[in-house]
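Here you'll find one protein chain in two forms, each presented separately as structure tokens under the names structure 1 and structure 2.
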Structure 1
């Protein structure tokens, strides 16, 4: 009976109810949209960071991450790579052999980062094939190299020219070879675009006199939320006395710090938003209470207890709040799904600035469930807290004065 009475009371004054539901619904839509965009930007930052180089999880020799020299290479075999592919959640396994070397052509030389790669696996991680602007992409059995656009311009090289590589191999062995340039790739980050050389892993191992050795193995995971489980699974399969397993948070702590700092500032802005919207919701509750003083006075005068009346009012506010939450999330979800599948592409100077930072020039929106749950709970508890105002008014109500309009 009380539930039925509360529901009928909501629609006795539709204008007042629409205003109350609308204010809560507006709060839900604004909060969900704001947090979805923020979480989407974090996901984009993480995705770009791990695909730029490290992967979600990386395996390397103990000590390699602190001192990245070829002497800290690790012994590996095809069985390890195959077992990593079998781990649930792993989408790409990317082996690498990398070091610094002197590259030369004609009378020009430049220090370069040389990376021995599995061409297909590397494309799965960094999209290297899509960055090709001239020539052809590498195959695993090639005896040729890809070079970055900035390096090609500095050395004045074209596809088909021969690149000279000279440096130090594994355990101070001599590393010297010449390779034809099969293709030129372009990177958005200047440092990477000015000094990168890629060749197949077998050629890199031969060049550095490091057969069956790799400097690292990077793993891509289907979802960021599965990284911890994959990391633990990898640790159970490798010898942790000789190898080190690190996730993206350990590999790029500066990115994690940047996200945490930005999230704190975003929460501060969200709290300000809640404060503004809270005052709006309080205004509607005060209006509702003021308009119904006569009704409350009559109900108490004819024998209805204050507790029952407070229960009816509490149910009304809960019903309107839940209704507003469902409508708000329901109205927001289709738009967020569309924006998640079709991110907003940045253009002009904003796109250039994003690409220089190595970030894809997109505004993405996230569909992480906690976005909707957190905002729904926050708005619900806000409405619940503000709802104490009409309940307190009923407790202090003097029926005679209320009916006289005093």
Structure 2
């Protein structure tokens, strides 16, 4: 009967209850939607950064990451690559040998990022093969290159033309070679599209006079949650005197920082939203008790304990809050699931802006449970906190006074 009593009390003032439940619901929907979009964008940013370039974990010669020059290349053997493959959770092992070099064709030259790759592994990480717009993809034993579309345009090159590469190799050896262009690849990110040259690792090692050397090995891990374990496993396998092992957070601290700053500002907005809703809730909770003083007086008079009355009131407040919470989440969830499966494609200027920042032009929505749990906790604690006043007023209520109406 206590539950029945509480439930019916909620609907005594239907309009007010609808309003309160509605406003909590609105806050929950807004918060969940906003957070889902934000978490989605963070996931997108991480995924992009990891997918397009760094991988989840990287291994290099000590000091390479801070000073990315070819002289900081590491010596490797095929056993290392093989044993990295064996680590649980590792999906791709991607070796690279990269440096800057001058590309030239005809009268034009441009400084380019030249990347010696394992074509198969590279495709596994970055999907390079899918970016091919002309010509053919590389094989490990080719002696030809892929160039990016922006570079090809600038140098006025086509598939089949011969690219001249000129620069410095390992320990200042001179590096010079000519390669036919086997294919042209196109990247969404301008910086990458304007200056990339790919060639098979053996060719890069020969060009730079750095046999058996690599600048980095990138690992892809099946789940972000497994990164820490994989990192530790790698650290236990390699010689940390000469090599450094870094996870994506260390590799791109500015990404992590950008996410944290964005997250902080949106949390602040959420707090303001909750503050507004909180005042509404407090108003309702207070009125729910203030207007029933006489009734409470009667109930205490006839022998209902204060604790039981508090229980009824607490139940009323919690029922209202949770009703709003569940309806709110329930109403948002199908839409979010749909958006999670079908991200919104950005068009026009927004798309350009996103790509300039090196992010895919998609608005993604995340469904991590944290989003929903956080809102649930926030609303629950708010109800708990705001419910304190009504409960205390019952503790202090004097029946005679309550029934006299002053």
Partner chain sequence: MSIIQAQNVKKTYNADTIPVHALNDVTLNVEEGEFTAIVGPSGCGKTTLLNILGGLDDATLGHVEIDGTSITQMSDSDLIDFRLHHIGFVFQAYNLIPVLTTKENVEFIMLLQKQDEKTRDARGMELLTEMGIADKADKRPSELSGGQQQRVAVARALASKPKFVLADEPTANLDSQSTKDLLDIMLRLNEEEGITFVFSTHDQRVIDRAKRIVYLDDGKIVNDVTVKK
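Numbering follows the first chain given and starts at 1. Rigid core here is just the name for the largest C-alpha set that superposes within 1.5 Å across the two forms. Keep in mind it's a predicted model, so treat the numbers as computed, not measured.
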| item | value |
| --- | --- |
| Structure that is the form predicted together with its partner chain (1 or 2) | 2 |
| Yes/no, residue 246 Cα shift of 2 Å or more between structure 1 and structure 2 with rigid core fixed | no |
| Post core alignment: residue 76 C-alpha displaced by 2 Å or more between structure 1 and structure 2 | no |
| Rigid core superposition, residue 105 Cα moves 2 angstroms or more between structure 1 and structure 2 | no |
| Cα displacement of residue 12 between structure 1 and structure 2, core-superposed (Å) | 11.7 |
| For residue 33, CA displacement between structure 1 and structure 2 after the core is overlaid, in Å | 4.1 |
